[in-house]
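Below you will find one chain, with nothing else, as structure tokens; this is the form predicted on its own, and questions on how it binds or moves follow later.
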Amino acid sequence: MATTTSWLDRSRTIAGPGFNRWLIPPAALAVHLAIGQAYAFSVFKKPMGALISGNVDAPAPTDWTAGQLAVIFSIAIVLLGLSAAVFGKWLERVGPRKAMLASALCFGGGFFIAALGVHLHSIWLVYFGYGFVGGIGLGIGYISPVSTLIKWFPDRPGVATGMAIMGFGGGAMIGSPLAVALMAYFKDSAPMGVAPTMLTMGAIYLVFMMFGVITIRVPAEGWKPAGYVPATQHTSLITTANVDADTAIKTPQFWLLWVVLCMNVTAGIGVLETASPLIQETFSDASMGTGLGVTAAAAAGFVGLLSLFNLVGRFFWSSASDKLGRKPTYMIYFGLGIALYALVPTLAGNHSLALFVIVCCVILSMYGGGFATIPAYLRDLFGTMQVGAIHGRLLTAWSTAGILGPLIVNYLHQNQKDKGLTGAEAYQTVFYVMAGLLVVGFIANLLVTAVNEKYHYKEAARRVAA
């Protein structure tokens, strides 16, 4: 036990002289590509809703409903934010290796428990497994490599965080076809092939994440990249000081960035929730002409394209923020986003399919970019000392948006349908309200200023007080 514990200890992860820092991004990606499977959970919905009947088009009365299954993902996202907030300081204290191991065990274990729940047809066991235990794995795994990457790449913090968080956006591109293929393979050995698929995926992701656990390293105290000279002049929004996590949440800057992230994510969910039905209903054969409308298969391809831009946007925009600055980059997200969200209903109403697709892709790239740029923004304002813990607490904004976004979108859309509106008209209010949320985010970002020196961590004073 002593040997295992010492291997997991933070001191055992300190890199030696000559260590290549470019070995760290693959370790981070090993975790984020795995936990990014959460974005692909929807592929399980129809099969899990037909475990008794065996027919996705004619579920039995005892089959789980769509509403019951939707709760699984919601629990996972809520637990992502809560666990990131609760375990952030623990992560900074014990280091990324122990945190990544905890994430791997929870995320893989969540699949195993959920598989048992599917086998026993116990929805509460699935909630506990994938939602609660797996959600904790999501939260710890999401933040575990971020502060480490920022410390390894002080010269390019945006690039660093973009590399890791890009993986989370791309996880669904692996998880979705993997789950579909496994369910097809196991369909004759278990109802809809779901339970053995979950067991297999849990094992695959556990092994995959262990690569990150084994290879992760932290830089030695005072380490700097070869040739890197810290800027002697900083802008007011890039500090050379540090703020601890407990103090950071007392600053107005933290809560302004909380609003920034919450508004960006809530608005992005507006597109993600409506993209497939909107493009099928608006650009149908009836409106475009027989054979010219968007089919269900084409709509699925459109959703895949949005996922690709969500992924690429995380790296592109976060990297660009190293040159543009974090605050101006968010001004682009919100300023351009307001115009594009307001334009979507018009493009849909005019049946401008090509422009509609382009605009939605740009919107999703900025949605992803908002996730990837926020850790670097926090580093600029609060320093590197406990940026992982601060990031974890800020992710409660994501949990909030994960609940509010679908509620707002579904309520507004249903309200318009109840009024007899169809097609693009039924979605107009959704996009206009999302544009309004971006205005709130724009104002919050505009109000961000440098953190007052009274909040800065003063190590000498802490030692005297102790």
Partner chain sequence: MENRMNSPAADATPSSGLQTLLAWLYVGVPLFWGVSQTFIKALALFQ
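Owing to the predicted nature of the structure, the values given are computational and were not obtained by experimental measurement. Positions refer to the first chain, counted from 1.
Although it is not shown, the form predicted together with its partner chain is what the next lines describe.
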Do A339 and its partner chain come within 4.5 Å of each other in the predicted complex, heavy atoms counted? no
Mark L33 yes when one of its heavy atoms lies within 4.5 Å of a heavy atom of its partner chain in the predicted complex, and no otherwise. yes
With a cut-off of 4.5 Å between heavy atoms, is R12 one of the residues that contacts its partner chain in the predicted complex? yes
With a cut-off of 4.5 Å between heavy atoms, is L178 one of the residues that contacts its partner chain in the predicted complex? yes
The listed residue (L29, A426, A435, A38) that reaches within 4.5 Å of its partner chain in the predicted complex by any heavy atom is L29
Quick one: of W223, F316, F128, F73, which gets a non-hydrogen atom within 4.5 angstroms of its partner chain in the predicted complex? W223
Among 147-155, 318-326, 239-247, 262-270, which stretch sits within 4.5 Å of its partner chain in the predicted complex, heavy atoms only? 147-155
Taking V133, W258 and I332 as the candidate spot, are all three within 4.5 angstroms of its partner chain in the predicted complex by heavy atoms? no
For the stretch 20-40, return the residues whose heavy atoms include at least one within 4.5 Å of its partner chain in the predicted complex, in the order they occur. N20, R21, W22, L23, P25, P26, L29, A30, L33
